[in-house]
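Next comes just one chain, in structure tokens: the form predicted alone.
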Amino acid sequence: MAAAHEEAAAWSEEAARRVWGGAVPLQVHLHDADVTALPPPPPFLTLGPRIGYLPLLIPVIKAHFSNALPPGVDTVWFEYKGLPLKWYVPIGVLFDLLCADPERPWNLIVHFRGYPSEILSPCEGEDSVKWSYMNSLKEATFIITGNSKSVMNMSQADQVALWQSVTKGNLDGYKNISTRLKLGPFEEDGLVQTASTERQQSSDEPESPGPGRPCRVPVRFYVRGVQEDLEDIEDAMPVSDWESVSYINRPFEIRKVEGRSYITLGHALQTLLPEFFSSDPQNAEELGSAGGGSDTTNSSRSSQEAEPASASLREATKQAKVKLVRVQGIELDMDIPFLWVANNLKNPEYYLHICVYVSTRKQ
């Protein structure tokens, strides 16, 4: 038994290091309107960390194009096939969601003028990204523990160290700080405490979900529609606007049940997204009301994270067929244990990001 436990721990450690070491090869082109020198500068090749964010790459990108840029200062933004990219979504998630056929390198266009404020929320560089990350961490902590005290009570030095570990891909440094938040690992009965344990808990520690309350896993979905008659997912039409993507936050509640070995990823998805994963409307309604399918409503959520699911996509996918599910760039088997996925493939803000492609029927 001890050997099996050690082997499982080793696999988890390896999975975490692969997630943190994962990167998307990028080829960044300067938009034609921003070119002020001839010949135009060559594209910039770099690796975008999967758990990182596009604005964090701006200093090295700007340095590469500096001799060709127009004078003045403006907010930098990125585009893929005409779609402005949301700066607060991790690079790996953007790639999994927008590239049905993984494009390597991923060809992006960078703009140094004309920020599309009607589409993208304001971004003031790294400070905005850090704020968004910390807000997501607070939200995830609230889901897991019932409040966000552990994050709110972090010292300024710990907040800086935690953020720097994320920006530098330093998993060991991240663990040194994040373990103090007492947020994991997720277990079926791992967060249930006795009354005596609760009395011993200091006011500065995160509250327990309480006796009998299930473990709750923060999950963030990105649901994209593709053509109903699509034979190969690689031939999917590009995402033309963000209205065609549903952005959904839903925690998954796990209750220990006698006689059940584990919860599969497939069961978790059916419970969390019955409107997309169940072809039986009555079954979908039952799954949706059975728990684990409610939208997160924590008041600390940032404005960009509060985007509602696209009503048009929900309507179009009442009889949709799931074509593809990606987590950290991997197409997972639906029989894999959901808790393994949540513990080992989550992002540093403790959210499990899942990209879902569904076929949509034209109305």
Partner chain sequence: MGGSPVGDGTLSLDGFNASATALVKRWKEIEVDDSLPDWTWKPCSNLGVPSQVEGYLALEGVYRDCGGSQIEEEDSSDGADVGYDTWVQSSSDNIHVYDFHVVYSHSYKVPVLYFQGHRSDGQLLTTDEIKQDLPSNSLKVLSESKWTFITREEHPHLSRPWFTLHPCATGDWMKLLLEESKVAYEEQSPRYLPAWLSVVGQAVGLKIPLELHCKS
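Numbering follows the first chain given and starts at 1. Please read all numbers here as calculations on a predicted model, not as lab measurements.
Not on display, but discussed next: the form predicted together with the partner chain.
The partner is absent here, but in the predicted bound form a heavy atom of F142, alone among F142, F112, F95, F277, sits within 4.5 Å of the partner chain.
Note on the partner interface in the predicted bound form: the residue among E243, D172, D101, D74 having a heavy atom within 4.5 angstroms of the partner chain is E243.
Contact check for T46, E228 and T264: none of the three has a heavy atom within 4.5 Å of the partner chain in the predicted bound form.
Only one of 172-180, 155-163, 104-112, 134-142 lies within 4.5 Å of the partner chain in the predicted bound form by heavy atoms, and it is 134-142. Contact annotation for P185: none of its heavy atoms lies within 4.5 Å of the partner chain in the predicted bound form. By the criterion of a heavy atom within 4.5 Å, D235 is excluded from the residues contacting the partner chain in the predicted bound form. Of the heavy atoms in E253, some are within 4.5 Å of the partner chain in the predicted bound form. Within this chain, L85 is remote from the site of the partner chain in the predicted bound form, having no heavy atom within 4.5 Å. Taking the partner chain as it sits in the predicted bound form, the stretch 114-133 comes within 4.5 angstroms of it through a non-hydrogen atom at S117, E118, I119, L120, S121, P122, E124, D127, S128, W131.
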